[in-house]
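Okay, so here's just one chain, in C-alpha cells, the form predicted alone.
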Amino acid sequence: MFAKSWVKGLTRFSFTEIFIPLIIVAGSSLWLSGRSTSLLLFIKFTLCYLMMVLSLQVFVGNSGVLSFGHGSFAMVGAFVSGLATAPLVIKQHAMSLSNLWQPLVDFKLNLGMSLLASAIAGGVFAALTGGFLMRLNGLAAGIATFALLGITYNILFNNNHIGPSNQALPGVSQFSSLTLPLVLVLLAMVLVYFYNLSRLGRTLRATREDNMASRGLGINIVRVRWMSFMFSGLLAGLAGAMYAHVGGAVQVQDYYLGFTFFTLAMLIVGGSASLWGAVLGTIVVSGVSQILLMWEQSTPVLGVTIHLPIGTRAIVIAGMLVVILLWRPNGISNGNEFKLPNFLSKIKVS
C-alpha cells in the first residue's frame, strides 16, 4: 500500500536515481576543488552543508515535521570531535579552557575515531531528546525543536567546563585533502537513499501523507519518527564535526540560527521529499551564496564584478526561499528523485 506512486519520495530502487547524484557530487567536487585553493575550501564547506541537509531530509522530508533542532546535534558532534583532536597543550593552557573538566582534557582520538564518536554522540543525543519531542505534531513540534536548539546553544555558550564557552576552540585537526569528507558524504547519500527505500522510510512517509489512517493501520508513529530522528541526529553530529575539521576550530555560534536556517533553506529550495532535492538545493543555494559573497567583497566572478552592499546574500537567499514556498512548494526537484530526460530514457541499448 505504501509503495503507491502518489506517495512522494522513493518507493523502489533505481540505479539512475542514486548513481547520477553520486557522480554529480563527486565529479563537480573533484573538478572545482582542483582549480584554486579558495574553491577547494568552498567545496569542503559545501560538503559539510550537504551532510547536514541529508540529515534534515531523512527526518523532515520523510515525516513532514519541521525541525529546528538539528543544529543541536551538529553542535554536540563538533564539540566531541573538536575536543578529541585538539592538542593537549591547547586544552591545558588556553584561557578559554582553563576550567575544562579534566576527563575532557585527557580525551584524545585520531581524526577517524573522532568523526565516529561525533556521529554516535549526535545519534545518542537525538535518541534521548526524540523520545519526548516525537510525541508532538505540527507547530508544537517545530517550537519544541527550536527550544532544543536554544537550550543546547545556551548550555554550550555559557559553560566553560565542557568546552570553550563563548570563545573558539583552536587547533582542531583539519582534513588534509578532499578525499575523506567527499567519501563520507557519498557514503551518507547511499545510506539515505536506501533508508528512504526501506520499509521504515516508506512507513514514515505514509504517516506524513495521512496521520490518522496510519494510526488506524496500527503504525506506531512515535516509534517510527523516533528511529528516523535518531538516524538523522547521527548524520547531523557528523556534519558538525566535518564543519569543525574544515575550519580548524569549534565555535558554538557557527551552528546556531544562521547555520540552521541556511541548511533548512537548502532543503526547502531543492525539495525536502527526495535525496535529489537535498543535493540540488545544496548546490544551488551554496553556489548563489558564494557568488553573492564574492560580489559583496568586490571580487570578480567569471570576469564580472558587481559591488553589492553587505547583507545582500542573506536577503537574496531569504527571497529565494519565499519564492519557492509560494510558487513551487515541493522545491526545484518537485519532491522527485533524479530522472533522465524522456528522450534519453526511451533509448534502448540493442
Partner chain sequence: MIQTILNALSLGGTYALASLGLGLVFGVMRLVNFAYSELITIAAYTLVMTNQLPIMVSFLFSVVVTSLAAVLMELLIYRRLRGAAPAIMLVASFGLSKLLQQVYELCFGALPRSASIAPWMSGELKFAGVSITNASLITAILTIVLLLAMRYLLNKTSFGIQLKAASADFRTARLLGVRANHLISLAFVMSGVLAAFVGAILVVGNPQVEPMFGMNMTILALVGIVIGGISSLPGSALGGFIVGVILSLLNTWLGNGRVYSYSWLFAAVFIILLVRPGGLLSKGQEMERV
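Source: prediction; values computed, not measured. Residue numbers count along the first chain shown, from 1.
Although it is not shown, the form predicted in complex with the partner chain is what the next lines describe.
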* Structure fact -> Assert contact_stretch over 191 to 199, 237 to 245, 132 to 140, 112 to 120 against the partner chain in the predicted bound form, heavy atom within 4.5 Å, equals 132 to 140
* Asked: Using a 4.5 Å cut on heavy atoms, which of 95, 151, 88, 183 is close to the partner chain in the predicted bound form?
  -> 151
* in the predicted bound form, which of the listed residues (300, 34, 319, 27) lies with a heavy atom within 4.5 Å of the partner chain? -> 319
* To do: Mark residue 68 yes when one of its heavy atoms lies within 4.5 Å of a heavy atom of the partner chain in the predicted bound form, and no otherwise.
  => yes
* residue 176 within 4.5 Å of the partner chain in the predicted bound form, heavy atoms -> no
* Asked: Hey, in the predicted bound form, is residue 223 touching the partner chain, heavy atoms inside 4.5 Å?
  -> no
* Quick one: is residue 217 in contact with the partner chain in the predicted bound form, heavy atoms, 4.5 Å cut-off? -> no
* To do: Please state whether every one of the three residues 54, 124 and 172 places a non-hydrogen atom within 4.5 angstroms of the partner chain in the predicted bound form.
  => no
* Structure fact -> Residues in 145 to 166 that come within 4.5 Å of the partner chain in the predicted bound form by at least one heavy atom, in order, are 146, 147, 148, 150, 151, 154, 155, 158, 159
